[in-house]
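In structure tokens, one chain follows: the form predicted alone.
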């Protein structure tokens, strides 16, 4: 759907003319490697996608935010001075949570009409929620500035943190920073090497010469519910507390090297807790090695680290499941697949694979056919481009 199509829809819903209507966009993300490390203060390596959340917006003068989405057509109306009372709504709470956190952070917002259009698949592990949050934040900041007669440089790192707080405090999902950071800070043809403990980051060129990134959607609703997600977090925190007496300088699992873990892992007597911690420690190590491999143009080696990541998520962290495992197994059967792994929280959602150009069509045909035969589910495939982060489009 083009921006002109969206403008027609916006005017059909909200009336008036196109004067004053602005367009903003922010992408979903794919995490190439570094899963379930962000909330442990570890390393991640995401990239922004060309799939995005687009917002058409026009200011109002009555202090009300009106929301609509092209695929839902469920109207939501909220008062900027009473945002706390909308936390329980089924759709719109992510957007209103961002508005609430922006106001708490001292931003002056104005009422507005907003129309959302998403090309990020919902519930697929590509962070559609972060795309919506970041797009909303830059929209509300920009409209507020215009209404109050000033121009503000938008600090995108601060924006990402505000969006994370909105999801934590308003929506009630205890997520890490990676998704919002990738959506806000993405750069075309680059991945982001991010230390989630201190937000040190750098953009790393993705020179995948002769290869494509293929995202495969299991089309199985993600099964890692909030209780399981919090269970994994608690297990990691428990493991860290058991290691901390031997490593008093460490503030989180992300501070512990693979060699230190090997030396002191005997302190964790519970097998399950030790497995969870082992995944986080080894995954951090794989991220560091993956960045080196890509910088040296060793794409096949990077692929091996991706595949090892999936095995760790399957065997140690136990967040994959039949659908994801089947997609990865079938992907690795294809000659020309350098590596494949789940991406996102797990138990449903998507895989990401690095595939030689000449093998892409075979990959999509054979993986799709075999996955359907084994699971009864039809996978969707996206040959992914790596795009820019949140921005005003026009």
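Numbering follows the first chain given and starts at 1. Model, not experiment: these values are computed from the prediction.
Here the subject shifts to the form predicted in complex with a small molecule, a form of this protein not shown in this document.
Though the partner is left out of this view, residue 344 does reach within 4.5 Å of the small molecule in the predicted complex, counting heavy atoms only. At the 4.5 Å threshold, heavy atoms of residue 121 stay clear of the small molecule in the predicted complex, well away from it. For the chain shown alone, residue 38 is a contact residue for the small molecule in the predicted complex, at least one non-hydrogen atom being within 4.5 angstroms. In the predicted complex, none of the heavy atoms of residue 247 sits within 4.5 Å of a heavy atom of the small molecule. This chain lacks the partner; the member of 176, 303, 321, 254 within 4.5 angstroms of the small molecule in the predicted complex by a non-hydrogen atom is 176. This chain is drawn without the small molecule; in the predicted complex, the residue among 94, 193, 86, 229 with a heavy atom within 4.5 Å of it is 229. Across the options 289-297, 105-113, 177-185, 255-263, residues that bring heavy atoms within 4.5 Å of the small molecule in the predicted complex belong to 177-185.
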